[in-house]
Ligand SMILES: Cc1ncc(COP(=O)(O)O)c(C=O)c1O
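First, one chain by itself in structure tokens, the form predicted alone.
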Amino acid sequence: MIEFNRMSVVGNEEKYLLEALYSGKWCGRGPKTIELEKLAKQLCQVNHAFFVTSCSSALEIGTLLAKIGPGDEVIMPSFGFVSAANAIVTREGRPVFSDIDAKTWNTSLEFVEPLVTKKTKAIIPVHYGGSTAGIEELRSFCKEKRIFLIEDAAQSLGCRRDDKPIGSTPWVTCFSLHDTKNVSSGEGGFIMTDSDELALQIEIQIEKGTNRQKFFRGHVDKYTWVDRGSSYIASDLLAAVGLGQLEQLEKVTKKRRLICAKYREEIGDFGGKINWQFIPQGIETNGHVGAFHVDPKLRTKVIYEFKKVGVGAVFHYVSLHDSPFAKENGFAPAKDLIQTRNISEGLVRLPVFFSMTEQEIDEVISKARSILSTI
């Protein structure tokens, strides 16, 4: 079986983990966390980076920063993971689901702007597959309208736009270090910002709403509860693993890009039977997703056929506006999101991971061509 994902040690993970184990400090904000955050800032060319328990946590912090409260609306694509929607409803806000572009698989100003009302407090675009298609227009719009922008870049560490790494923003960008991502600490994530003001607020929120970091810097003689927050700080043991992985970001990204490029080139489109995500000029993804779109009527059969021949192909995602929770709580839009539904119900993701051998890559391609030639 060629599984969908297989994590592997790519650098100094074991060395750093042992150092952390014997350092006498296993909780968060230890030496490995500081090293990890410093490296993340360098790689993403951003002023502030905080290592937190997950990208879900980072998105929750984002909604705190945006001051989402009862009745506030937050626009986000229905095509995405549930974490952003949970972050909104946890603050008693209302997710307003937008459609996505049929080619880029991202939302854009075209779909977002008609949904903006006086209640709109924030927008959370998803950089699907690491593509930032549509984000520049959304950034300009949010700046003009003074709407808070939370970039869900869970899949995007190592991606570039106009030859610059993504992450830099006057609002916040959220990344994942989950087991399925290109580089991982098992569980974990980053929240990044260029804003000194927001960084001071994040410091408080990740420290359970206290000014504990000011205390450690000697700015106050004792720390206390000063704002909302939670226990968002991840263990220094996880940071040690993440540091070993992040040091190899370029190497891992290069390999995954090569795999995805080979899939596109050698599987092709079978005369229009399948489509790959369109990546606009100037955007360089990180090879996180090797996915194609097929007629939704055939998707279940295609995935079944892959599994029959030992390839772990999977779907991605069930549209959020179609979910039981959205329907039960009145979040489903009155008008169906046609493009979201089509992409969601027809997407097939192929295995992509750093330790894939040439034989495994060629086997996936061969079996994909064989399966797709019969549909």
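Residues carry their position along the shown sequence, with the first being 1. Remember, it's a predicted structure, so these values are computed and weren't measured experimentally.
FYI, the form predicted together with this ligand isn't displayed, but the following is about it.
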query: The single option of 171, 81, 276, 111 touching this ligand in the predicted bound form, heavy atom within 4.5 Å; finding: 81
query: Contacting member of 320, 49, 337, 55, with respect to this ligand in the predicted bound form [4.5 Å, heavy atom]; finding: 55
query: Stretch in contact in the predicted bound form with this ligand, which is absent here, among 238-246, 258-266, 290-298, 154-162 (heavy atoms within 4.5 Å); finding: 154-162
query: Proximity of residue 36 to this ligand in the predicted bound form, heavy atoms at 4.5 Å; finding: no
query: Close approach of residue 212 to this ligand in the predicted bound form, 4.5 Å, heavy atom; finding: no
query: Non-hydrogen atom contact residue 94 with this ligand in the predicted bound form at 4.5 angstroms; finding: no
query: Exercise: residue 188 in contact with this ligand in the predicted bound form, heavy atom 4.5 Å; finding: yes
